[in-house]
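A single chain, nothing else alongside it, follows as structure tokens in the form predicted alone.
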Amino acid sequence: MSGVRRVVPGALIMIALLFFLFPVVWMVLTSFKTQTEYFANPPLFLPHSFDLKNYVNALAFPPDGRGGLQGLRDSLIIAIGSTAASVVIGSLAAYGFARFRTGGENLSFWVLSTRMFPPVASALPLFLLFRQIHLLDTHMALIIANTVFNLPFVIWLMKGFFEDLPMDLEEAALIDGCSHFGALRRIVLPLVTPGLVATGLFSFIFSWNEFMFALLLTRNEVRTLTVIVPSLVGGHEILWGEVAAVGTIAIIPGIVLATVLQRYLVRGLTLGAVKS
């Protein structure tokens, strides 16, 4: 009976993994297929030869290709810039809320409520503002827009991590001559590193997957991967091979980051879950 109890959960997990990972596997395999193979009937699961033509066409800069390499470069610049700004500014604000009760409980909750604000409602004002200050079609415009909507999430999440740390550690540092900023830099931040990593990873994913602002605020100089993928769907033809190739490229950074930072990510997501 005990053996059955161990086997059944494992079997259910394997079925769930097969169900949710099948579309991803199909997309990766499609990226190596020729046009004849991905239109084959019945569907062809494995390509006869792993052809890199779709990747070459997808990555090459226009007019020779679809601009996937430019999209990868621009997406990385915007996601990294927005994540860095969000984590730095948000951590400082969260520390103020957690330790000094800045604005009381109402202000911190109001910050969180701004995350519920629909981004589409601010699309036109942001467009007019960036046009006025000549930031349209620049990396900075998207970095600012993404940072604005990532900040409430970062502040609220980091506030919880800071509140879980005992104040005795900071008070001891202050007695030893540290300033509040020194205590934050030398004592608090190293202790909440897993929380910083988890928060930064989520901010990176939010910025990496953002579509609406990327479509509205960019033209030709800046094009993210989320904008390039829809451009491969035309009125008379859908370039499924290039779509699959760009989609495969788009999921790689998130997978790599989650794998490399797995140790910190698990600790960050469970930080404060067990109370002594």
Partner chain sequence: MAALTSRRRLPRLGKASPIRPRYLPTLLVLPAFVVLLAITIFPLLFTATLTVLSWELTTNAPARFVALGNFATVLFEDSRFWNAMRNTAVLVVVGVGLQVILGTGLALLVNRVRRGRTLIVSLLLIPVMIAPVVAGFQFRMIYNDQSGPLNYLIGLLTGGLWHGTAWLADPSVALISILLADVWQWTPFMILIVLAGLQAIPEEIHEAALVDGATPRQQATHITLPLIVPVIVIGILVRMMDTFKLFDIVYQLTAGGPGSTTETIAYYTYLQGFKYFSLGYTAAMAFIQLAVITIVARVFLGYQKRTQNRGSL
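Residue numbers count along the first chain shown, from 1. Keep in mind that what you see is a predicted model, and the values were worked out from it rather than measured.
Missing here is the form predicted in complex with its partner chain; even so, the following discussion is about that form.
Asker: Closest heavy atom of E105 to its partner chain in the model of the complex, within 4.5 Å or not?
Answerer: Judged by the heavy-atom cut-off of 4.5 Å, E105 is in contact with its partner chain in the model of the complex.
Asker: So, in the model of the complex, is N57 in contact with its partner chain at a 4.5 angstroms heavy atom limit?
Answerer: No.
Asker: Under a 4.5 Å heavy atom criterion, is T114 part of the interface with its partner chain in the model of the complex?
Answerer: Result yes; T114 sits at the interface with its partner chain in the model of the complex.
Asker: My question is simply whether H139 lines the interface with its partner chain in the model of the complex - judged by any non-hydrogen atom within 4.5 Å.
Answerer: No, H139 stays farther than 4.5 Å from its partner chain in the model of the complex.
Asker: Within 4.5 Å, heavy atoms only, which of L169, L191, I80, V148 is in contact with its partner chain in the model of the complex?
Answerer: It is V148.
Asker: By the heavy atom within 4.5 Å rule, which residue out of L76, L165, I187, A84 makes contact with its partner chain in the model of the complex?
Answerer: Checked against the cut-off, the match is L165.
Asker: Is any part of 11-40 within 4.5 angstroms of its partner chain in the model of the complex by a non-hydrogen atom, and which residues would that be?
Answerer: Result: L12, I13, A16, L17, F19, F20, L21, F22, P23, V24, W26, M27, T30, Y38, F39, A40.
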